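For reference, the chain that follows is the form predicted on its own, supplied as structure tokens.
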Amino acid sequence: MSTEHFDVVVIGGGPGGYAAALYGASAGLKIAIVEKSKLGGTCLNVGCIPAKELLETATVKRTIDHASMFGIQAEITGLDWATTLNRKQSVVDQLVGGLGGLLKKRKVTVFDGLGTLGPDHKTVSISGGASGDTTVSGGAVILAAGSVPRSIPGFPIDSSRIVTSDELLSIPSLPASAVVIGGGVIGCEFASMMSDLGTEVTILEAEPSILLNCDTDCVKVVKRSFKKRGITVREGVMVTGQTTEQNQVTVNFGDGEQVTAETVVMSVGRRPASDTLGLEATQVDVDPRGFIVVDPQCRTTAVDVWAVGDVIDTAQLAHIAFAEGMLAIKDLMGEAAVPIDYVNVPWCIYSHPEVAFAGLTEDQAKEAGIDYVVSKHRFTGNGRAIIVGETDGLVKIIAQKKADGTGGKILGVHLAGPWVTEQLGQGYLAVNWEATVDEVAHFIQPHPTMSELFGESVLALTGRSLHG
């Protein structure tokens, strides 16, 4: 039988892979996706979507807990975790099904199985799935195999005692106590969710601070909230081992310290799944950490082979994978593809309180030797935040400093507090369009909104202000 040929063969059906497929198909290309598990990858199945659904459950519980301040008498009699998991799965299933329908509508051919790249860089072998053992070829190949959770030696993963994000999102029952190893984005989101739902949580972070890449003022907001809610945060401590006895795990860390909990959540990052692609027989270079080496256009070291998403050494965010997938399609079509500016990509953290940012932090501006000016305004005086009852947090704007001491080009926008993940858009655009303080301050913010605080913060950098 002759090998079926496509314009592009994509290995991996996660955000990077399916974005490339949908975008390429909309441009008229004949596309195939090879996916060994479920369409949607980590994001839809065991990442962004299910995690945020459980965080929304936590939000609902917080709302009911504080209903009396609005004159509504409500009582929570318990948490039906099974119902929570069922709703989570229904959300996942709806989105995965919708993605499958969209791919079908765009006439993208989906193969179920493990895809490996051939030595000629044109053929992809498919095995182990419902599509059977077969081979397809492509004028171009995009590698989008994604990633898997990392662990550390001495912590064997099971279904309930020692888990990664994959297992936690479907854990049979919520533990009474948990140790979260790793205080990055994922670790803080899980810690926040579990604490709000009644789990006693301890975070152990090896770095000097949790959320290390965030602006320090935003991190302070999160730490204060965590402390107020009883979440123990230990920073600058190395985990050295564990012992499991019956239904408890004791974690050893620091200088002979220990903490015992029902469940340990490993949140120490994710490793690229490049080892599933059969690259040993190809000219695709892989670095010592397993990341596929690419140039700014996401081209690998093999001709007509691109790589996108978690399998390359860029920010492991679904929206970055979307952008990389589209970038690869533009490039392989010979279009002028503008490389992604990874310094200024948008970041959103869905813990309570939320954090969102784009551009340089104050420390980064200082390290770069930039003469800058800062404006900070807190939600305590924002009308909508007061109405909602969520006043913890701030908006922080970093801009180049002009000779008269006012702000010039906006370099960074950093937010912590209520709904800030939904407010980042205008700050992200300001940073990436290299807008100046005067340009942004000219525009009107609707009232009463949370986003007014962004406008107030920018306005203050002009040398004049209203409320702050």
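From a predicted model like this one, the values you see are computed outputs, not experimental measurements. Numbering starts at 1 and follows the sequence shown.
The form predicted together with a small molecule is left out here; the points below concern that form.
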task: Counting non-hydrogen atoms within 4.5 angstroms of the small molecule in the predicted bound form, say which of Glu262, Asp392, Glu207, Asp166 makes the cut.
output: Glu207
Contact residue in the predicted bound form, chosen from Gly359, Gly138, Gly183, Gly325 - any heavy atom within 4.5 Å of the small molecule: Gly183
query: Where, among 116-124, 272-280, 309-317, 193-201, do residues come within 4.5 Å of the small molecule in the predicted bound form by heavy atom distance?
result: 309-317
query: So in the predicted bound form, does Val373 come within 4.5 Å of the small molecule, heavy atom to heavy atom?
result: no
message: Residue-level contact is defined here as any heavy atom of the residue lying within 4.5 Å of the small molecule in the predicted bound form; does Asp331 satisfy this criterion?
response: no
message: Quick check on Val91: any heavy atom within 4.5 Å of the small molecule in the predicted bound form?
response: no
task: Please check if Lys61 has a heavy atom lying within 4.5 Å of any heavy atom of the small molecule in the predicted bound form.
output: no
